[in-house]
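Quick heads-up: it's one chain on its own, the form predicted on its own, in structure tokens.
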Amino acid sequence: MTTSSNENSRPFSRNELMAVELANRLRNDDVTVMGTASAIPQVACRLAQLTHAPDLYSIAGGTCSVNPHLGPVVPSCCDYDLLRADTSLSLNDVVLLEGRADVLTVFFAGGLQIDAYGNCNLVSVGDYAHPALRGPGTVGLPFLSRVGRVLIYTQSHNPRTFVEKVDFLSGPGFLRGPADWKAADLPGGGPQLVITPLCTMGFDPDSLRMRLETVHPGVEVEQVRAATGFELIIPDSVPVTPEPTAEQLSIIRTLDTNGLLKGK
């Protein structure tokens, strides 16, 4: 499978940049797991395997496939195309692995809402008895506190998604901050990273609140501030997110023959 020179010459999309940012944070000894709507982390894991992390293991929730080969990229981890993989596990085995603290090192998470401490909500927005929006449920997010690193990603960056406090806590981040979250009480390391179409964010080590790390090319700091529904920690100097390399884009576009990451 090849990618034309014309295809390689087009500008990168925000989705492609997000996949590269996630891939750059993955390690050779990682064992990752992801949920259903996960084209971006799928690509990130495969990109890492084909570049700097050949020994990385990736588990796609839904099909429970291990190291999907991709090409084409599919929008859902429940797609049978992902069974073109090194192997697959039973759903029961994946759930048991998620509950252990000594196997999975990375969980890719997201939500209808994400708050200042990295807590995620996939259940409901508004009053639980009469929600304005109902989500798919907790799915695997309750296990976030047991995984070594949580990498949060979302294709929406607006005040409805990034809120001061989630309406329903389905995936624990740093709870309400240092007074509630004690590293000694939880085997996982908590959320490490938040990647959106506008920026990359981390967490302040003292307050555990979300902190701006980089803005993506063409994005201003004030644009990120206005799109965030809580007081985001913003350093005095905020660098621009590095652009994908030609090699990274070539690999992504060879995998993404359906163009799922092309649009934004």
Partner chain sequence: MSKVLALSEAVERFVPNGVGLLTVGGMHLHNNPMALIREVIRQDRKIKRLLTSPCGALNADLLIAAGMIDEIATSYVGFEHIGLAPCFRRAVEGGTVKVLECDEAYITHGLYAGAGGLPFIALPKGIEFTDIPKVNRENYSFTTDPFTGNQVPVGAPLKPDVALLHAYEADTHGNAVVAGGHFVDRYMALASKTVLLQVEKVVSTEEISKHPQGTTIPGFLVHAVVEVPGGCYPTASHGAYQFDDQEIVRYMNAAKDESGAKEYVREFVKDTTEIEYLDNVAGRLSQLRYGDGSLPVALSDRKR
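Quick caveat, the model's predicted, so the values are computed rather than measured. Positions refer to the first chain, counted from 1.
Below: the form predicted in complex with the partner chain, not depicted.
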(message) Quick check on this chain: which one of Leu208, Val224, Val31, Val238 has a heavy atom within 4.5 Å of the partner chain in the predicted complex?
(response) Val31
(request) Report the residue, out of Ala116, Val73, Val150, Cys77, that has at least one non-hydrogen atom within 4.5 angstroms of the partner chain in the predicted complex. (result) Cys77
(message) Whether Gly110 contacts the partner chain in the predicted complex should be assessed with a 4.5 Å heavy atom distance threshold; does it?
(response) no
(message) I'd like to check something about Phe203: if you look in the predicted complex, is any of its heavy atoms closer than or equal to 4.5 Å to a heavy atom of the partner chain?
(response) no
(message) My question is simply whether Leu193 lines the interface with the partner chain in the predicted complex - judged by any non-hydrogen atom within 4.5 Å.
(response) no
(message) Even though the partner isn't displayed, in the predicted complex is Ala132 close enough to the partner chain, meaning a heavy atom within 4.5 Å?
(response) yes
(message) Given the stretches 214-222, 43-51, 194-202, 57-65, which is the single one in contact with the partner chain in the predicted complex, using a heavy atom cutoff of 4.5 Å?
(response) 57-65
(request) Could you tell me if all three of Val163, Arg253 and Asp256 have a heavy atom no more than 4.5 Å from the partner chain in the predicted complex? (result) no
(request) Residue by residue through 75-95, tell me which have a non-hydrogen atom within 4.5 angstroms of the partner chain in the predicted complex. (result) Pro75, Ser76, Cys77, Cys78, Asp79, Tyr80, Asp81, Leu83, Arg84, Ala85, Asp86, Thr87, Ser88, Leu89, Leu91, Asn92, Asp93, Val95
